[in-house]
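To begin, one chain is listed below as structure tokens, in the form predicted on its own.
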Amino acid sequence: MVNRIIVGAHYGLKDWLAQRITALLMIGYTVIFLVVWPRPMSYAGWKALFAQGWMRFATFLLVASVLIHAWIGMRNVWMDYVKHTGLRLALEVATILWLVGCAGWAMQILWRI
């Protein structure tokens, strides 16, 4: 009988799919933004564009996609290259705190207009 030792978290397919979906969302936002964005745009034009609820939601969806994309990538880097468990945990917690802070900052910027 072979006693197999399973190592790792087995995120594989779920992470691969999340990376692709978030990348598609970011590409979609970029294309929509380039179509909607008139050139040249003044401050009043920017303010009017981001005053619309759909643009705020789309922008926050973009920010969420970037944060999820970044988390998966950084977690994989930490898991692959940092062998010391305590250091890896500290780096992962620091990454989570940074990304949550960025999400809060993005919400503050988008909803105070």
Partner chain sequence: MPDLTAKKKRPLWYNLSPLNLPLPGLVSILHRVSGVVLFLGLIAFLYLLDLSLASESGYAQAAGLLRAPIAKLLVIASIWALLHHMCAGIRHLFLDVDIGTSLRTARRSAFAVFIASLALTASIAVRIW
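Numbering follows the first chain given and starts at 1. All figures in this text were calculated on a predicted structure; none of them were measured in a lab.
What follows is about the form predicted in complex with the partner chain, which we do not show.
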Next item on the list: Spell it out for me: taking the partner chain in the predicted complex, does every residue among 20, 41 and 109 have a heavy atom no farther than 4.5 Å from it?
Entry: yes
Check: Can you check whether residue 88 is within 4.5 Å of the partner chain in the predicted complex, heavy atom basis?
Finding: no
Notebook entry, point to check: Would residue 77 sit within 4.5 Å of the partner chain in the predicted complex, counting heavy atoms only?
Noted result: yes
Check: So, in the predicted complex, is residue 52 in contact with the partner chain at a 4.5 angstroms heavy atom limit?
Finding: no
Check: Should residue 66 be classed as touching the partner chain in the predicted complex when contacts are defined as heavy atoms within 4.5 Å?
Finding: yes
Notebook entry, point to check: Across 21 to 51, which residues bring a heavy atom to within 4.5 Å of the partner chain in the predicted complex?
Noted result: 24, 27, 30, 41, 42, 43, 46, 47, 50
